[in-house]
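This document starts with one chain, in the form predicted alone, laid out as structure tokens.
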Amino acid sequence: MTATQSFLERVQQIGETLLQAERDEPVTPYRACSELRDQLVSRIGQLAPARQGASIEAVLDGLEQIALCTPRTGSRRFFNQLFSGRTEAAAAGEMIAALLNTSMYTYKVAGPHALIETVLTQHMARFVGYEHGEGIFSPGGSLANLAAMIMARNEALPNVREHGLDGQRLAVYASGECHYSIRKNAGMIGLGRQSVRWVEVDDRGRMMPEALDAAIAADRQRGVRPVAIIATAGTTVLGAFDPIEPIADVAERHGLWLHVDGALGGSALLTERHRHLVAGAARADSWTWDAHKLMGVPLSSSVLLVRERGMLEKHFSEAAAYLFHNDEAAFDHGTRSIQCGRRNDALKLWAAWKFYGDEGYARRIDHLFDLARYAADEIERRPGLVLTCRPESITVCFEAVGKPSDAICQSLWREQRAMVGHAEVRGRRIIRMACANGEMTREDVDAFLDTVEEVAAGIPDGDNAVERR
């Protein structure tokens, strides 16, 4: 047996141990940070690298211990984030990509993976309705949003890429429920965080087009230059979908770039039953779409799509004769990315999409939406729970009567019952249940809600807790 074969067998063994632990203990035992650090040190030695290297056996033993202490996002008791579960084909693609260790900047280095990225982004663009669009993989939705905001800034201020900002007062418009990356990105690209205008939302958390139009008009009267509108398809907490069609009308009327942050909700494009939520998708100038959320692909696998082919190269290309040799320029994706070295996030999505097919993915997304609606129905049926609002996508927000939501979430984690997060909606602290694991069933939902009620019963009543209906 070669050293490589032995190494792969040990890695396989670690994977099997991890999967068995996940079956035996769906929630990793709770440990405070200091306790976890002490436990790891007792088992594998100091966490910091030493002057002298260790054997590969010792390193693999350490990796096994770390894996066993890591929160189990593949478990059906994990409702904490907008990703969960595991797709075997995608996981295989991720592991093989790590072994290949290609970078995605040129065809010369990436080979078939450059073709795969092109095929996938064109396939996704067609779902948006971009018949002549293009795309690029990005390390997460926040950076895809960043790239879109850079393009919007450059289009609004044609000289900014060469000469920088000139002190103009600028504004970007987003829903009050948008992702925090919008404000963060505004600060990073020189617009300033205070340039972001939080547009009023309705009682379901959707941007109000009339409020957007009024905000833009008011800024123009004050001498502020509007730059872009960012709509959200699937807000982080309520899962709300801003109405793209009327927002696109506003964007056209004012001549503004429209970007849709569909990191969560972009997957609704895959299903006939839920595509109405993103009606008007093709009218946006750009889209963010995270495959690592509802499509079950390992983190990270995010795509930025643009309606007009050539727009990415226009705003991100730089000459580098040592790298770009123009042998296969159409597949030198580094000319269209904000990065130089870029990991291969396409192969795992390709493997998953080959496994599911378009129809399989449609069934998966429909199942997740149906699961959220079932959870909402079940919450409304139980007198000890109160639904915050009907879910529009896969997040379900609710409270337990008389009990503080944050204490419930903490107890669920400490008792190894489930992992779920809390958030704030209209000034109330609520439990946010994310139905993102395609393997979850109604029985898993029932078990989770049973557990919430059991844990809540042992928690003292809290201030500002929701009252019985």
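Each residue number is its position in the shown sequence, starting from 1. This structure is a prediction, so every number in the text was calculated from the model and none was measured.
What comes next is about the form predicted in complex with another copy of the chain, which is not displayed.
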Please determine whether each residue of 174, 387 and 442 possesses a non-hydrogen atom within 4.5 angstroms of another copy of the chain in the model of the complex.
no
Thinking of another copy of the chain in the model of the complex, which stretch from 391-399, 209-217, 105-113, 226-234 has heavy atoms inside 4.5 Å of it?
105-113
Determine whether any heavy atom of residue 410 comes within 4.5 Å of a heavy atom of another copy of the chain in the model of the complex, and answer yes or no.
yes
is_contact(residue 300, another copy of the chain) in the model of the complex, heavy atom dist at most 4.5 Å
yes
Report yes if any heavy atom of residue 432 sits within 4.5 Å of a heavy atom of another copy of the chain in the model of the complex; otherwise report no.
yes
Heavy atoms within 4.5 Å of another copy of the chain in the model of the complex: does residue 255 have any?
no
In this chain shown alone, the residue from 279, 156, 311, 91 with a heavy atom within 4.5 Å of another copy of the chain in the model of the complex is 91
Taking heavy atoms and a 4.5 Å limit, what residues of 325-340 are near another copy of the chain in the model of the complex?
325, 327, 328, 331, 334, 337, 338, 339, 340
